[in-house]
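A single chain comes next, written as structure tokens; it is the form predicted on its own.
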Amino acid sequence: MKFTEHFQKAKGKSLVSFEVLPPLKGGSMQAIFNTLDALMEFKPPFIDVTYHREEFIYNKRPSGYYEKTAIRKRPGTVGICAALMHRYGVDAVPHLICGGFSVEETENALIDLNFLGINNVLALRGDARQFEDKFIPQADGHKYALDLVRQIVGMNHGKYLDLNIQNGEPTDFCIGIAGYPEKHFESPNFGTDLQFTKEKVDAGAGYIVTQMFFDNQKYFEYVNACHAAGIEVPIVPGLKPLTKKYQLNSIPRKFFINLPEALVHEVQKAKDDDAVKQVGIEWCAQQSKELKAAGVPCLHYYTMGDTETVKKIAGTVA
């Protein structure tokens, strides 16, 4: 079932969904099963699975020189999606990214997903590589998420890269995109960022999932701004609890978002990590209750493998 069809079926009830990361290369699917087995009581209709671009490592050669090698540390997104659909009977939503993929590799990935009966995708530009100060697209790859959305929409109309293909079989993907209640850090201002979002929706994106935020007012203001700009697709709030004191610095630095003063104050008072985690659970639970009361289409939790914390939060709104 398409992502947006789940919302229609829910008839105004706020759904609950989760996002998981593929295990590190050499790891086991059991880690993901362990995470989701404990969360399936909340009946998520879909599970997001992230995609990760290649990273560069330097291996020392016998000559003493270092060889630069590109590796993917978290492969397996497509296979994981198929496994989750088989094990849990839920819809899987793989992330597709521009970084590290040519347009042909993207097309082939979409063909694989289509053959597996996966008809939801989250189209993202992706992050810059570690140690690079800006995003550099793959040769013959997409520079912007808008271009990725357009390619997927083209395939939905039977348009493939090989112009010799006549009457190509149309795919039927429901396309999601990312939204930024506090704007994307590369956008010069909020209005410009909103315009980029509208362009993706106008191109065929069917829903938005937001970056994490810790102030619900930011989400409500974002939704109102989207509606004022003519964006009428469902906007799903993305939620992540704060669990470590060092995140007071790392989250704003990595995600370019603000933390509310009240939250920061409570975390600073906490005596140890257990106390910090409790503050984070209570804060995210309150966010969840307020968002559910406001009638959001779905509460989407970034699990990061922390089953216990996410289960406690989701349990407060079940």
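A quick note: this is a predicted structure, and the numbers were derived from the prediction, not measured. One rule holds for the numbers: they count along the sequence shown, beginning at 1.
A second form of this protein, the form predicted together with a small molecule, is not displayed here; the remarks below concern that form.
*Asks:* Considering the small molecule in the predicted bound form, which of 114, 211, 138, 216 comes within 4.5 Å of it through any heavy atom?
*Replies:* Among 114, 211, 138, 216, a heavy atom within 4.5 Å of the small molecule in the predicted bound form occurs only for 211.
*Asks:* Tell me, which of 245, 184, 198, 74 has a heavy atom within 4.5 angstroms of the small molecule in the predicted bound form?
*Replies:* Residue within 4.5 Å of the partner: 184.
*Asks:* Looking at heavy atoms inside 4.5 Å, which stretch does the small molecule contact in the predicted bound form, given the options 225 to 233, 93 to 101, 156 to 164, 106 to 114?
*Replies:* It is 93 to 101 that comes within 4.5 Å of the partner.
*Asks:* Spell out, yes or no, whether the shortest heavy atom distance between residue 88 and the small molecule in the predicted bound form is within 4.5 Å.
*Replies:* No, residue 88 stays farther than 4.5 Å from the small molecule in the predicted bound form.
*Asks:* Does residue 127 reach the small molecule in the predicted bound form, with heavy atoms at most 4.5 Å apart?
*Replies:* Within the cut-off, so yes.
*Asks:* Quick one: is residue 178 in contact with the small molecule in the predicted bound form, heavy atoms, 4.5 Å cut-off?
*Replies:* Yes, residue 178 is a contact residue.
*Asks:* Is residue 51 close enough to the small molecule in the predicted bound form to count, meaning some heavy atom within 4.5 Å?
*Replies:* Residue 51 belongs to the contact set for the small molecule.
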